[in-house]
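One chain comes next, on its own, written out as structure tokens in the form predicted alone.
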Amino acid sequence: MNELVFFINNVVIAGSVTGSIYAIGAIGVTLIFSIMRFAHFAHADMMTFGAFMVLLLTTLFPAAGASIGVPTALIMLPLAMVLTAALAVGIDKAFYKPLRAHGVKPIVLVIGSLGVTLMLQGLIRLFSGTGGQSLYVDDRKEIFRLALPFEGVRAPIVITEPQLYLFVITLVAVVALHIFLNRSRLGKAMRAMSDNPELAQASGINTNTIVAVTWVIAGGLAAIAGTLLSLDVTFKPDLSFFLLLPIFAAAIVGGVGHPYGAIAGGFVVGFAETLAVFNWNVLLRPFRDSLPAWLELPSNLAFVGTEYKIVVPFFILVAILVWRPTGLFKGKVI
């Protein structure tokens, strides 16, 4: 049972945390692709920007959350979402909209997004420095230990306060997005534009409004993902470097242009990363005495070392593209 608890802590909980972050990030990537038909490589930097805005606001008002008993960073998250959404809309109007007006090919927009990536990275490093910083400026991160009522089980199930907030906010965000896309007029218009932009425009849908709404949603979700990840670990200005490949892999695994596929892809990539670096020798310890004498288990039975975890999404991406190029969920539509 101790080994099982270790598995729950290091695979089930850790995989759920990583999958939630990737899912929220991948939703933004797939929404942008489904509406504007290009891969936005600066999305991970928008996630970093959102987290940095929370850090800045939390530093300015460190005691704002003490009165209601929640981390100040969560109180500042809605404002950071607004700022990140404004940044996303501003970037579109300043860089991408003029390119679309000239009728450039999507690859030009992709290259432009790489330039935006470098610009955002430089600005974030300029104002935040290069070191890691905790979003718990004047708060204390709570750690909950759940002891199991079984004889001989000494190890508790461990979950942190930011992880609980992450699960709740991810669920709320997914449900809210589902209701918006399926019940609201704007959501239905987004689906129509994703399916056929020319027909949507001919039907009287204001495509400029749809594009702006898409950027607002993508920017807000980016701020949520970056903030919740930084709450769980720490804020780093190079956060985007570790997020870019996994969120794109999640979007492609789930099916580019399919938000629900992005959610599934995020959890597939998150659990694949966690399972790849887990030391399976721990689960085999109770059976060690029953194994043949000549069979000696190595101390580390992980598929890859922790330092190589970043390559796991790449292998998943290649495998999915070979096996099922359309992803787990077919579509380019919402």
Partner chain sequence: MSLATSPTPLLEARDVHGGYGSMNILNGVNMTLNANQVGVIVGPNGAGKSTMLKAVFGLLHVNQGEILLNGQPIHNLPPNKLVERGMGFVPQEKNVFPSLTVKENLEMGAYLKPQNVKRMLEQVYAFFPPLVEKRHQPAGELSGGQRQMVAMGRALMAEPSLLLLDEPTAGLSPLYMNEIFDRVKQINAAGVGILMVEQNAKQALAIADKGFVLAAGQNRFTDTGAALLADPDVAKSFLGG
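Positions refer to the first chain, counted from 1. Keep in mind that this is a model prediction, so the values were computed, not measured.
This next part talks about the form predicted in complex with the partner chain, which is not shown.
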Taking 189, 192 and 204 as the candidate spot, are all three within 4.5 angstroms of the partner chain in the predicted complex by heavy atoms? yes
Between the options 99, 200, 89, 158, which residue brings a heavy atom to within 4.5 Å of the partner chain in the predicted complex? 200
Any chance residue 185 has a heavy atom within 4.5 Å of the partner chain in the predicted complex? yes
Within 4.5 Å, heavy atoms only, one stretch in 170 to 178, 223 to 231, 126 to 134, 204 to 212 touches the partner chain in the predicted complex. Which? 204 to 212
